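Next comes just one chain, in structure tokens: the form predicted alone.
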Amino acid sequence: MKRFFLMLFIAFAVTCFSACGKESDEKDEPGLLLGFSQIGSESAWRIGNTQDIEDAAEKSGINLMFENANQKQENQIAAIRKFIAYKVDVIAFSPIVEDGWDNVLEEAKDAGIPVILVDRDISTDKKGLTTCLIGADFYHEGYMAGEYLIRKVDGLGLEYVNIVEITGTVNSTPMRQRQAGFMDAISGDTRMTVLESIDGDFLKSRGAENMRYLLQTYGDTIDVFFSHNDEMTLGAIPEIEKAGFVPGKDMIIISIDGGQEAIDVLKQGKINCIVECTPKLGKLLMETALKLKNGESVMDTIHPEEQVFSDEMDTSQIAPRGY
């Protein structure tokens, strides 16, 4: 009997020790620490992108170290160096421009920290500085904008159209690729003439400023306004109205992004077409970061699904955008 109770006590002790050890191991298991540098908060799109990333990190149980660069590359470089010093598991950032990242990304590579590009790409001749890009197909966005314009011109039976373009930040990935896609789409159509392309830096104030200049320079010869984002479009529309033109009728207006404010203006008929560029990249980012931490391979480029909203559809059926 004594031997029976001794064996029972030993079994109970072993069970408790194992359970305590397992609990201790679980508590000591470090979570994923993700360092993310955002460009800024210059638009509803950017704010929505930040919120989606923060929400996705919380849902995934990922610790997020967030830094806002406030539109300055030097701030982003400093943030990446901070992430390296903190020994985060993964670094992610949305580069404000394509060039000038080699040195700091070499430092991340030497530290053994994988880097994910979010929303925008970089330009470099060096290999292995980043693991993947999560973001829209900007070239395709520009191309879809051009395709819509051709359909619209066909429908109106126009013999020629004069186009003005307000681009995003010079040398940024979306600026370069959206412009390239749009120009490629319309290049074979002899009716299309681009009067001028001007940098709007993705800012509403610059959209207004540039549209004032374009109207003063070209006046009623402008048939089409192509904008690289909704903020610049929304800045430009009041200037078009002040000049005595009806946006969406006297001037075909094509925008990119798809935020709620712009969709509301599309429903009013003041914008003809908006090509979606979704800011909701958080889930894809968290899934990719977890794979990298676990040593799994990931795709070089990950694109979300996007669509086109235009006067070709019943715009009243467009669901709330959430940003």
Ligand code: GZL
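This structure is a prediction, so every number in the text was calculated from the model and none was measured. Numbers follow the displayed sequence, beginning with 1.
The following text describes the form predicted in complex with the ligand, which does not appear among the structures shown.
Problem - Interface segment, criterion being heavy atoms within 4.5 Å of the ligand in the predicted bound form, picked from 97 to 105, 208 to 216, 171 to 179, 84 to 92 - result: It is the stretch 171 to 179.
Problem - Exercise: E42 in contact with the ligand in the predicted bound form, heavy atom 4.5 Å - result: Heavy-atom contact with the ligand at 4.5 Å: present for E42.
Problem - in the predicted bound form, F226 touching the ligand (heavy atom, 4.5 Å) - result: F226: no, not in contact with the ligand in the predicted bound form.
Exercise for the section: Decide whether L285 counts as a contact residue for the ligand in the predicted bound form under a heavy atom distance cut-off of 4.5 Å. Expected result: Taking the distances in the predicted bound form, the answer for L285 is no, it never comes within 4.5 Å of the ligand.
Practice task
Indicate whether I53 is a 4.5 Å heavy atom neighbour of the ligand in the predicted bound form.
Solution key: I53: no contact with the ligand in the predicted bound form.
Problem - Stretch 262 to 283: residues contacting the ligand in the predicted bound form, 4.5 Å heavy atom cut-off - result: Just C277.
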